[in-house]
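The chain below stands alone and is given in structure tokens; this is the form predicted on its own.
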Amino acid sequence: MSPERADLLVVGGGPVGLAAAIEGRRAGLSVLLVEPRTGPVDKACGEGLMPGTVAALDRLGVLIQGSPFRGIRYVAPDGQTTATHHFAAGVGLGVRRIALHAALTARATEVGVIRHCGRVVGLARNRTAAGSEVRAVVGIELADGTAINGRWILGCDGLHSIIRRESGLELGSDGRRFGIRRHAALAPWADVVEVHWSANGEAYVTPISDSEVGIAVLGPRGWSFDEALTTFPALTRRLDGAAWTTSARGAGPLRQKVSSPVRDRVLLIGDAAGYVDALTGEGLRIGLACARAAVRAVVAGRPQDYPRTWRSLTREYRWLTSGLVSATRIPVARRMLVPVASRLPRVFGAAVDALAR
């Protein structure tokens, strides 16, 4: 395959971009993945892979190892009121993002994905001889002034997607919520992912190994990690004396809006295709499912089918997450969330299983 052209141009080399590239090769397409970073791509995230995500990675032939967890537990600020549900089917895995990236990279190389180190700055388009009328997208433009042509372009470049912006699909962000993550040298104390609630945000505790947990906090702009922890007294007591193994890493704003996940020969996948919030922890599961759907659409030559499939795959996530984020902006609703979940275990369990599959 010439490095100047491919059937499928994948912009963004994170987990979703790598999965999309693998899907493309499995479908028999030539694939060029463009990413400016050369080493493992890290990200501020909860690092808990839901059972559905684990199954999707297995289908792609991606070999991962991690710390298993059996469900989700919500914890009220007092540390005493909790709601726990173990998954009806399957087991989740806590996996460092860099380890997940390494496993996906190895599989992409194995199936023949070609990588190009470069920063995408825009979309390449055909123009009239006079240069005035913009025609169809034919490829991508790089920061070094070169262009790469391709039949299809998959924008997998995250929350701040260049492809989303340059394709005219971006509707902006409300900029309210951000995430920060660190790791602590501490043996996991539960076989579940704990979600601690406070008046201003949430903290996720994910088992990563026998001797390490990941702590991710979600909350308002300007919140420092140390400041956030003080709002979770029960979690702070658990972490007392533990050594931090990584520095704080942030991401946001989380809310990103799009008019559509497709235009012309450009399809958006993962966070680039619009994002509600990390509150329910299923972004990667949906990203992998949408990567598969997008590749199927381009192989069939019917990109117009992708928006309908995208809406179907993301519907439960968008409705549940939007509802939770909106409801918990009301102080009394936030205070009552865990007690109500504790009193309605079937409802809580059904919601967890819907997000986990």
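Please read all numbers here as calculations on a predicted model, not as lab measurements. In this text, residue numbers run from 1 along the sequence as written.
The following text describes the form predicted together with a small molecule, which does not appear among the structures shown.
- Although the partner is absent from the chain shown here, none of Arg25, Pro303 and Pro307 has a heavy atom within 4.5 Å of the small molecule in the predicted complex.
- For the candidate set Arg263, Arg73, Arg97, Arg255, a heavy atom within 4.5 Å of the small molecule in the predicted complex is found for exactly one residue, namely Arg97.
- The small molecule is not drawn, but in the predicted complex it has a heavy atom within 4.5 Å of Arg119.
- For Leu218, a non-hydrogen atom is located within 4.5 Å of the small molecule in the predicted complex, even though that partner is not displayed.
- In the predicted complex, the small molecule stays beyond 4.5 Å of every heavy atom belonging to Arg318.
- Using a 4.5 angstroms threshold between heavy atoms, Arg37 counts as touching the small molecule in the predicted complex.
- Contact with the small molecule, judged by heavy atoms within 4.5 Å in the predicted complex, is confined among 280 to 288, 255 to 263, 107 to 115, 165 to 173 to 280 to 288.
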